[in-house]
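This document starts with one chain, in the form predicted alone, laid out as structure tokens.
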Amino acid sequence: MTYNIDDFQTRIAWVADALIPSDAKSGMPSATEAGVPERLLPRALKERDDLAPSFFRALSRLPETQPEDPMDAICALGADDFHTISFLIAGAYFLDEEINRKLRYPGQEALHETPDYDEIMETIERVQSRGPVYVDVPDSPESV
């Protein structure tokens, strides 16, 4: 079954804001204020198209309009569905450069590290030259 994101916009909006509400103190926008439903989530779903079917199946089990306790409704879906929904919505939120700038989060960065093989070999050689070290363990708890 294929799903159309436009059919879920109302649900996505209240779910996203329940998971990522605005915070006036820090100046962080809510998920909808950041553009998650219409701008960022389609990008996240394109990147993780493997999660799209389970994401939409989970959303279809939620009410169209926001319930009195939205987090309770989302949690009631179960751990797997909660993980899928929150993973995609949070991932979409972090696709926004302004959000990352406010959080001072540089985004994913490749680490190019060259191991120091001399240091590794020095450590290995010390252990090899020492030889095996064993500790005698008593046969039964009574002899302790």
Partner chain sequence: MTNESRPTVYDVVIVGAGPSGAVAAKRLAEEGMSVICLEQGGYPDYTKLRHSGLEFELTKQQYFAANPNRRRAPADYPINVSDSDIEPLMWNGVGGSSVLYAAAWHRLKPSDFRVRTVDGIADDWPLNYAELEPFYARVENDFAVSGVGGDPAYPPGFDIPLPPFPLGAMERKFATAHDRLGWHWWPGSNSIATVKHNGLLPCVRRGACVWGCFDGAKASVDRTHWPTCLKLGVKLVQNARVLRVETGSDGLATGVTYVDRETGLTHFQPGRIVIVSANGLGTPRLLLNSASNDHPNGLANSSGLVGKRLMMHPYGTVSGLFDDFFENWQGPYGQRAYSLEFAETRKETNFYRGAKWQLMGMGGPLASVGTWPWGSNGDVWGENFHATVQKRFGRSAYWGIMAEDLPSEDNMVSLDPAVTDAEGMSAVKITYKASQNTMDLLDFNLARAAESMKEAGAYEVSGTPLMRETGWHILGTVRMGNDPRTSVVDSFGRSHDVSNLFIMDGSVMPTSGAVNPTGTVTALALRNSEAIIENRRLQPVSTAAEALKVGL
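Everything quoted here is computed from the prediction, not taken from an experiment. If you superpose the two forms and keep the largest set of C-alpha atoms that fall within 1.5 Å, you have the rigid core. Numbering follows the first chain given and starts at 1.
In what follows, reference is made to the form predicted in complex with its partner chain, a form of this protein that is not presented.
- Although the partner is absent from this view, Leu103 contacts its partner chain in the model of the complex, with a non-hydrogen atom inside 4.5 angstroms.
- Among heavy atoms of Leu19, some come within 4.5 Å of its partner chain in the model of the complex.
- Among heavy atoms of Thr123, some come within 4.5 Å of its partner chain in the model of the complex.
- Within this chain, Ser54 is remote from the site of its partner chain in the model of the complex, having no heavy atom within 4.5 Å.
- In the model of the complex, the residues of 15-54 lying within 4.5 Å of its partner chain by at least one heavy atom are, in order, Ala18, Leu19, Ile20, Pro21, Ser22, Asp23, Ser26, Met28, Pro29, Arg43, Ala44, Glu47, Arg48, Asp49, Asp50.
- Once the rigid core is used as the reference frame, the Cα position of Asp118 differs between this form and the one not shown by 2 Å or more.
- Relative to the superposed core, Thr10 undergoes a Cα shift smaller than 2 Å between this form and the one not shown.
- Once the rigid core is overlaid between this form and the one not shown, Ala24 does not reach a Cα shift of 2 Å, moving by less than that.
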